[in-house]
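Okay, here we've got a single chain as structure tokens, the form predicted alone, with questions on binding and movement later.
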């Protein structure tokens, strides 16, 4: 059996036949991830010129050693072992550390990891949940096996009839997504930026009051469904987080109210396979889940949205386990692209194309093993499934630290 690192579900039931050319139990996203092993692989370069791996590592070490305010960004597609090596490197060179949730689900993730919002495992969802709510998320495309393995279709310990009789699926979104199509009986379409009003209407319905927002009959219907739920799971995506922004306390109040009625848990719909791992590891090490600087030796926490300032103020950046130039807002990506970039990545991307130094690495889950935290915090270990001559992220970071 192999583990798919194509998303944060980290599916462990992948059967390989004849290497990676034939694999069973992969979703379409997982299949594309497996095929990426053979396409657009990076090679060591310095200023767009071919180089040796040793030369690229030496140049990267030189840039970081001479930088006064280096930034280490990414980490979501790196193992826990590589992330730990990155924290040690940041301490040594006095760098700032930023993960990919800095401009995404940082506030929500902090509330979950610190226990302010109750959470559970996906196995609990499969075994006990009778209502799953996907809010601002479309797992049918972002995590294709989510509904089939955990939240809607499977038969669990308590629910043996699955979606046919014993499970309800609610989709709340600004558009009718693929998931919303499956959950058509309980699909609530919101105008963009009105999630806070929708939350207030749900709480009114739960209190037996007439909701002031949305279709009153349907809101009361949703309130009734939630009140009858024996075990509920809420899966918030970026759509909800971006809409609430500074009003995330409303979500916390909603979960608290639901928890007074029944068991209701939250599992953030993070995308990359070890996003949660970096947040948890940094929390255990520093007390903060993101935006930490070791510039003055001790760990100092910046504001949740400090990626904007970090991109502008850093004088060199090492990017690993992410592609910020294609995923960050244009202004931040442009500021970052103007700095000396070091990209550690197994595959070509916009960031590697713009980087001053490119260091190729092994693809985790294929050519390198390690451990990661699934989206629900469960630790998953995986081994390499093919032999390759690429070094892992952890090994490359160790060599850079040693060279500085």
Partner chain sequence: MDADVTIVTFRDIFQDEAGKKGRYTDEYRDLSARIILDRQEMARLGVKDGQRLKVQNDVGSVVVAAKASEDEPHPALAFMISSPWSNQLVGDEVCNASNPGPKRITARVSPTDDGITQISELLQRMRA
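Positions refer to the first chain, counted from 1. None of the values given here were measured: they were computed from a predicted structure.
Keep in mind the form predicted together with its partner chain is missing from the figure; the text below concerns it.
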Looking at 250-258, 275-283, 186-194, 293-301, which one sits within 4.5 Å of its partner chain in the predicted complex if you count heavy atoms only? 186-194
Counting only non-hydrogen atoms and a 4.5 angstroms cut-off, does residue 56 reach its partner chain in the predicted complex? no
Residue 167: touches its partner chain in the predicted complex, heavy atom cutoff 4.5 angstroms: no
At 4.5 Å between heavy atoms, is residue 65 in contact with its partner chain in the predicted complex? no
In the predicted complex, is there a heavy atom of its partner chain that lies within 4.5 Å of any heavy atom of residue 378, even though the partner is absent here? no
Interface residue in the predicted complex among 328, 93, 226, 202, criterion: non-hydrogen atom within 4.5 angstroms of its partner chain: 328
Which listed residue (116, 176, 209, 216) meets the criterion of a heavy atom within 4.5 Å of its partner chain in the predicted complex? 176
Given a 4.5 Å distance limit between heavy atoms, list every residue of 26-53 close to its partner chain in the predicted complex, or none if there are none. 28, 29, 32, 33, 36, 39, 40
